[in-house]
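In structure tokens, the next block holds one chain alone, the form predicted alone.
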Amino acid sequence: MSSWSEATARQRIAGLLDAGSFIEFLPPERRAVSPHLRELGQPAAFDDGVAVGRGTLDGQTVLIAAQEGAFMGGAVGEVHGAKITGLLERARTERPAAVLLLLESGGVRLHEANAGLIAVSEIMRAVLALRAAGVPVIVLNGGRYGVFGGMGITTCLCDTLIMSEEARLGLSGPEVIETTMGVEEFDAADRALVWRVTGGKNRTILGEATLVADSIDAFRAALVAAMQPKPLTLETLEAEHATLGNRLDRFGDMEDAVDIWAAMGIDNPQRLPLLDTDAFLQAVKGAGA
């Protein structure tokens, strides 16, 4: 079994797509690097930390972007973001079966500040435009750095989210919350707490994600099943807003995911973090926010 969390961005692409089908746009030899990092004396990557291109998955054409967590934690800069936005805008013309976003990002690069923030906003706008055009956008999240900041928001704008237990998803990272609000608000050193709150299991219980094992094959199987268009309608948005409002009313004053799980009627919720993927899914079957 090939681990998703231990794989590089290009290894994940190669494991997901049909063998030999990937064609990379702006590959490393094109030297599309960040000018800001060079000016600040910071190391640059020849692909600026993201690979984008076209391939096939189970015979269906897809466009795909994969962030490289090993380069600056997958943080978004101007060039990095422009490559993802360009891919999403290209999809409106090519109309592939889906656009796949293999995300792993701590947020925006502080080195690029406003340029990175603008890049993320352009990604968000492109995602919504593509969904409105009827092309599904699917996020795969299983990297060691998680998905936080602007790319965390972007994830929540997409059609489908597939996560592993090792994955994390949030707006602000645990260290950021602790720094700005204090350890009493969120102890970033409490790894069990961090994963209970932001990890794939909690996101799955809340109905936000599909949980898979930490393997490229498991992500691929879930992805094939998920590649069905889900039209973005006013009724869909209103139902989602109602769900989120209800969730806030029910769980807004709870400090730990275990309290949420107990309120949802899950039997012996304290044991859930110890279960493997299959046992976990069986234990929480029928639960939802």
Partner chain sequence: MKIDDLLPQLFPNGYDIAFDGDYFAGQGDGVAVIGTRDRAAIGAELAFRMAGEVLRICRDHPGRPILLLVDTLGQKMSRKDETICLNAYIAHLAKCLDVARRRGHRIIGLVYGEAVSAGFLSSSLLADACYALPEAEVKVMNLPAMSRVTKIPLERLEALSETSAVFAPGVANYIAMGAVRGLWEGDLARCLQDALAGQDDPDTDRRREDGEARGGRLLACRVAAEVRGAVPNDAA
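The structure displayed is predicted, hence computed values, not measured ones. Numbering follows the first chain given and starts at 1.
Here the subject shifts to the form predicted in complex with the partner chain, a form of this protein not shown in this document.
Of the residues A262, V224, A70, L40, just one reaches the partner chain in the predicted bound form with a heavy atom at 4.5 Å or closer; this is L40.
Though the partner is left out of this view, G150 does reach within 4.5 Å of the partner chain in the predicted bound form, counting heavy atoms only. Looking at L110, you'd find a heavy atom of it within 4.5 angstroms of the partner chain in the predicted bound form. Not displayed here, the partner chain is kept clear of F219 by more than 4.5 Å at the level of heavy atoms in the predicted bound form. Although the partner is absent here, T233 lies within 4.5 Å of the partner chain in the predicted bound form, judged by heavy atoms.
Contact check at 4.5 Å (heavy atoms) against the partner chain in the predicted bound form: all three of L169, E185 and R247 pass.
Contact residues in stretch 236-256 (any heavy atom within 4.5 Å of the partner chain, taken in the predicted bound form) are L237, E238, E240, H241, L244, G245, R247, L248, F251, G252, D253, M254, E255.
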